[in-house]
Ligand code: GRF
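We begin with a single chain expressed as structure tokens, specifically the form predicted on its own.
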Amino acid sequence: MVKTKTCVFISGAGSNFFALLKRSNNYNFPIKINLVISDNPRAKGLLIARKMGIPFKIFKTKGLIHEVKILKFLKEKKISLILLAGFMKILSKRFIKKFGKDIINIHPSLLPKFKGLNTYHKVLSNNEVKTGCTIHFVNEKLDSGQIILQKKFYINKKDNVTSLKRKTQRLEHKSYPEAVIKIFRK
């Protein structure tokens, strides 16, 4: 099976990256993670990449020069798909347009509710009954691209930011690979 060359962008622990990587080792999973890009040299996910032999590159600076370097690097590596997995920078309209291929993001809420940062706090402050995660295509507007998949669960009255994050991440680890499969079935 020919797998799509994929780059995962991370900023932190890399738990979604690791969930995707485990699934990508399955013969019939449609992608191969060929590269990891991070804006954070201390991202724990880079340790996973190193341990698993996945090439990675760190780009700490921002702006046009930064984007040109990343795009050039992606082109050199023949990357056809970007998966954002806890990447804490917003990709510019120019970057999205110049890449010209699919970019997918995972967000820890039921979009369109609670876009951006501090999601768990927003969910709890708003007294939501349920929450979950959304996997969507990236477009020029923050957390506004076409939804690929949403999964939800009910919030327990005892939940706090920590427990909500843990429950959401467990759901994300199952949902992101499922969404990747779904886009290749269209």
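Since the model is a prediction, treat every value here as computed from it, not as a measurement. We number the residues from 1 along the sequence you see.
Beyond the structure shown, there is the form predicted together with the ligand, which is absent from this document and is the topic of what follows.
When contacts are judged by a 4.5 Å heavy atom cut-off, residue 169 counts as touching the ligand in the predicted complex. The shortest heavy atom separation between residue 24 and the ligand in the predicted complex exceeds 4.5 Å. Though the partner is left out of this view, residue 85 does reach within 4.5 Å of the ligand in the predicted complex, counting heavy atoms only. Proximity of residue 106 to the ligand in the predicted complex falls within the 4.5 Å heavy atom cutoff. Contact residues in stretch 1 to 16 (any heavy atom within 4.5 Å of the ligand, taken in the predicted complex) are 12, 13, 14, 15, 16.
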